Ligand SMILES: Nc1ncnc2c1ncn2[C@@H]1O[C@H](COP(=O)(O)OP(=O)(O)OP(=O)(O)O)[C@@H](O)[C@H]1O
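Before any questions on binding or motion, here is one chain by itself as structure tokens, the form predicted on its own.
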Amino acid sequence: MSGDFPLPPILQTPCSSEPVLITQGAEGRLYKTTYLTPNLPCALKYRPPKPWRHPTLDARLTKHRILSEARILSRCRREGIRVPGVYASDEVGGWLMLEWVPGAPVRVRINEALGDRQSGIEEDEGLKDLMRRIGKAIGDMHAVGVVHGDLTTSNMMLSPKPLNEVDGEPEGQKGCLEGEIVIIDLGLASGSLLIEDRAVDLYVLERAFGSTHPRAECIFDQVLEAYNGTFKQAPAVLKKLEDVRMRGRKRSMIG
């Protein structure tokens, strides 16, 4: 089922499989469908027209955002950063056709691993290893001059490795934390080499992580430790992160 929303024109033509509405946000909708053949699943991000905006301004903003995200994704892929591949795009129609990333959001996998535990989390090597993989993935992205703009554990996927990469064991038998970190939802991403922008990216993740996984805050330092070794400017970013935290605390006190 595609839901109660009008489908974008690209999905109104005969296609390989019926589109399924996955999420509905303020700016757009995400559908699962297939690309070219029934055996190639894909994600279609659609930014519908906003009736409260002037049509000319809305068309200009939509075009800019679609082109920007497609360029950022293509740049990341060229540099070897694991993000969804771009299959097709239409900035006038307001959509991006992307690689479908199998697996589950990192948020879900962390919560599954935590369960009902209130202790022993600091010693959980599986969770700590996942944190280090997150830190490396972010560091690799920052190293090529891309900042995400909305880093959360919902905007990262933990994608299972092929069967032969996990010692021949089916997914699940080696634990829910196995897999590759894939950074997704780069609609707010931009190109930047500024230390400040990178530090703010980390601060956004740190705040989101503490809110979403408060029991696991004790291992968030593993993200920063792994990040620290990924590229030459990482230590300077972490130093700037201390300043960003201070400003954040002041804003919270002032209200």
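Throughout, we count residues from 1 along the sequence that is shown. On a predicted model such as this, the values are computed, not experimentally measured, just so you know.
Below: the form predicted in complex with the named molecule, not depicted.
Taking the partner from elsewhere, every residue among I22, G25 and E99 has a non-hydrogen atom within 4.5 angstroms of the named molecule in the predicted bound form. Here is the short version: of A70, A43, V204, I195, the single residue with a heavy atom within 4.5 Å of the named molecule in the predicted bound form is A43. Note on contacts: among L30, L224, I219, V200, the single residue with a heavy atom within 4.5 Å of the named molecule in the predicted bound form is L30. Contact annotation: M141 falls outside 4.5 Å of the named molecule in the predicted bound form, judged by heavy atom distances. Contact between D150 and the named molecule in the predicted bound form is found at the 4.5 Å heavy atom cutoff. The named molecule in the predicted bound form is not approached by S74, whose heavy atoms all lie more than 4.5 angstroms from it. Using a 4.5 angstroms limit between non-hydrogen atoms, N155 touches the named molecule in the predicted bound form. The partner is not drawn, yet in the predicted bound form one stretch among 118-126, 178-186, 74-82, 132-140 has residues with heavy atoms inside 4.5 Å of the named molecule: 178-186.
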